[in-house]
Ligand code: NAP
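Coming up is one lone chain in structure tokens, specifically the form predicted on its own.
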Amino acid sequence: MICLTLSGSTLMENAETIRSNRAYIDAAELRVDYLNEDEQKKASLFPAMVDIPVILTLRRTIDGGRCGLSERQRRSILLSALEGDFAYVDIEDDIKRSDVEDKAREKGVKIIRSFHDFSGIPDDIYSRIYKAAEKGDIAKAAVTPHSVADLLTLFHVSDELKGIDKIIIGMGEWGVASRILYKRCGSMLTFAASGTAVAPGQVNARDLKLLYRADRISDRTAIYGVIGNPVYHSTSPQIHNPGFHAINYDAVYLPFLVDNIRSFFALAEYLKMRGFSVTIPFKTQVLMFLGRISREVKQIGSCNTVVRVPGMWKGYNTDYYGFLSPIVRDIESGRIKSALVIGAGGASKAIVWALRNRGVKVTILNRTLSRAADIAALNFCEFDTLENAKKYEGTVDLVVQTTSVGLYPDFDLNPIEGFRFTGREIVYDIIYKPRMTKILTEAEKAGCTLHFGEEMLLEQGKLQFEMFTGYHYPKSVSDE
């Protein structure tokens, strides 16, 4: 089930939230601790106002909720609410058996025994889930992973605790994958947001249902994704998932925040992933874990696409193709003969290689001169430090920004602050969120022609899609 967490202050507001999200959800959780005091007294009326099963929850402040009442007062509100036809009631696992539990059982309301850990994942998480299940009908663990290794622990719950009805939630930015792939954790439901997330890391209900089709994921579903740090700015899921749906391919593509590339490969093996995209800062780190690489990866020294082939992982690079696509005509016409490439990371390697292979004269600017020198030596081009950017004013046809400067949260930063454009340059920033970075804003003011990261993203994504599926990207989706 996809369960919508309701955080409105009135019953009517929450009922309206359900109606507006009805197409995306199977159940709802009424957070009574978010209701106004007068509305809390009427909580028993809520199940009759909607047409889906409702979980009754009055969350304490120590568990991330808003209820600061005494346990006696809290119990009184829950007992009153249980006069209504709730399907479930959430009772924390440290609460001893009480009249709330007795009344729930008397009315046939299923009991969720929950525990929350906002600091991490308990060392004894499996035994805690087992003990919570012994106290109720369903065990719920809401914990906070801080790494890929922690995330893998959550997915192991499915194997370690078979046959136990449970809800497993990885909170925060590291737990997003566990919310989308909740069935792979053995969880009976995932909690969704309708707007502002009530719990850290909650995913929008519409995205869970329509973009990720989380409720349809099974053991047969092929899993793909994008890895990076940061990664949640990526719009790649909006490219690949609609493509999968259009060709009726049982697959899902989702973001994975990664801290350690070795740990991620362990997770990828556990989930039997079929492939993934690679973004900053792992385009070179990933190479040591690949059994085979394409000619482009070997020459560029950077990989942005990994596909499972028999017995191993194979690396490709589609960045060069995606980057060239919007400007290839300008290169062929002679409009672009020289370029200034800012940055010397994994994306820069592909871009410099692509430009040099088209005969464009390239100068690389980077804060760390040695990294620029390494790429320049491989591609027979010039290099310099970022501090000297101004000396190239008016000397190049193309300026390409390849660093993460300008990406969230550094929206107001420009890697070549003070650089004066003449208006004749073509300026290309491979960042795609935000669309208009500071460097592009300044270039636009000077009258330059602009190219955006979303252009490169879409074109290289289409090529990745072909590598993942063996099919061309659906034209019906491209035209939307």
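For the two forms, the rigid core is made up of the largest set of C-alpha atoms that agree within 1.5 Å on superposition. Every value quoted in this text rests on a predicted model; they were computed, and no experiment measured them. Residues carry their position along the shown sequence, with the first being 1.
Quick note: we don't show the form predicted in complex with the named molecule, though the next part is all about it.
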Original post:
Among 205-213, 123-131, 339-347, 220-228, which stretch sits within 4.5 Å of the named molecule in the predicted bound form, heavy atoms only?
Top reply: 339-347
Original post:
According to a 4.5 angstroms non-hydrogen atom cut-off, is Tyr432 in contact with the named molecule in the predicted bound form?
Top reply: yes
**OP:** Report yes if any heavy atom of Thr403 sits within 4.5 Å of a heavy atom of the named molecule in the predicted bound form; otherwise report no.
**Re:** yes
Original post:
Do His146 and the named molecule share at least one heavy atom pair within 4.5 Å in the predicted bound form?
Top reply: no
Original post:
Using heavy atoms and a 4.5 Å limit, would one call Asn366 a contact residue for the named molecule in the predicted bound form?
Top reply: yes
Subject >> Option touching the named molecule, based on a heavy atom within 4.5 Å in the predicted bound form, out of Ala389, Leu271, Leu287, Ile280 >> reply: Ile280
Original post:
Here the chain is shown alone; which of Leu152, Leu378, Val328, Leu407 has a heavy atom within 4.5 Å of the named molecule in the predicted bound form?
Top reply: Leu407
Original post:
So which residues in 437-453, when you check the named molecule in the predicted bound form, have a heavy atom no farther than 4.5 Å from it?
Top reply: Gly453
Original post:
Any CA movement of 2 Å or more for Arg367 between this form and the one not shown, core superposed?
Top reply: yes
**OP:** Spell out whether the Cα of Ile168 moves at least 2 Å between this form and the one not shown when the two forms are superposed on their rigid core.
**Re:** no
